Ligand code: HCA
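In structure tokens, the next block holds one chain alone, the form predicted on its own.
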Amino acid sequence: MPTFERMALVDTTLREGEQFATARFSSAQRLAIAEALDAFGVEYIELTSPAASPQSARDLETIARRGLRSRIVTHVRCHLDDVRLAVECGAQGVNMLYATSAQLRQASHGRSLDQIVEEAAAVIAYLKGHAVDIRFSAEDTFRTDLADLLRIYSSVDALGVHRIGLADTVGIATPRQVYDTVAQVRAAVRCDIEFHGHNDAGCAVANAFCALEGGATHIDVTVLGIGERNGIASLGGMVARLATLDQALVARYDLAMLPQIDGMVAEIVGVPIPFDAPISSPYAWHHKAGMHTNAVLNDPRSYEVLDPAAFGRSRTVAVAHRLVGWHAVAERARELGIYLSEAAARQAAARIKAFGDEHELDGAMVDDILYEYAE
């Protein structure tokens, strides 16, 4: 298993997340999100370019001067006007990008590879005169010819950037492709490597993890995975993926805050927390099938790879349904302070199953049945 000793999370809810269809953060909301992410412990918080709008510039300056522990960075075009404004607003890091795939070079800016490197050199030279982190990202990395990528990354690495970025801009990459590409880039550069992966094909967290395995050091995430189109790797999903390998990998974060942060952003953008969201879903530790509930009651680790208590959550052993097992019925009786023998619990479970085949059940109905069988 990789050690991921230098791993850092770059939360870009306030940049990528702002591009989500229903997102429109007020200044107060931006600050609240930044402070929550800082308290949670993400290493970087990325904000929208200050060139995007006057309010974006004001909010970057406010948050950058807030004294947060997280490094405040901003995502800008590889253009001197943009990076000057970022520095003036107090950004601690400048994350610049340039589209490098043949498709985007033709459709977006029309520059050759030599021109991209030449323009990047001028911007990097300016930034090296200021105390900021410098990242250069190749937009649409995974539709860019590998030889072209290595040529660009090697050039900007030699110019002294702190990180280069690999961006799966359209969510086209496969986990194996991400691993192979990152590994080859890792062998070609000395600087850190950041990965930004979109979820158009449902592989964002898997791709981000494979980027770490291949040698990436920084992973872009957003709260709930919100972002352009289907968004990117979610903060909760990445934390869950790492925690299942080794809880020590996420020990630096205030894990119990994660459901609160997910809930806050969900409310702001007007969407429910997805039913399949790792950790913060209302159903994340919800057990229903009879065989499952029996095993979980005996040993939670049998069907729980993560301990809900580590995230301020608790498990639910459901009993109001036709799949219920007698062990779950007996446990619910104990919670009510009544005793059911095995025979009584089996009889109660059979009755609940029969009711469940014919009618919608709720907890109150089940409890009434259990009281009838109490000894």
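The first residue of the shown sequence is 1; numbering continues from there. Since this is a predicted model, take the numbers as computed values, not measurements.
What comes next is about the form predicted together with the named molecule, which does not appear here.
Proximity of D133 to the named molecule in the predicted complex: non-hydrogen atoms within 4.5 Å are absent; the residue sits far from the partner. Within 4.5 Å of any heavy atom of the named molecule in the predicted complex lies no heavy atom of H218. Interface membership of T181, defined by any non-hydrogen atom within 4.5 Å of the named molecule in the predicted complex, is ruled out.
Proximity of D148 to the named molecule in the predicted complex falls outside the 4.5 Å heavy atom cutoff. The stretch from 240 to 248, 269 to 277, 80 to 88, 163 to 171 that comes within 4.5 Å of the named molecule in the predicted complex, counting heavy atoms only, is 163 to 171. Not one of A318, R332 and D367 places a heavy atom within 4.5 Å of the named molecule in the predicted complex.
The partner is absent here, but in the predicted complex a heavy atom of L97, alone among V296, L97, V117, M264, sits within 4.5 Å of the named molecule. This chain is displayed alone, yet in the predicted complex one of T222, N199, T144, S137 has a heavy atom within 4.5 Å of the named molecule; that residue is S137. Of all the residues from 353 to 374, none has a non-hydrogen atom no more than 4.5 Å from the named molecule in the predicted complex.
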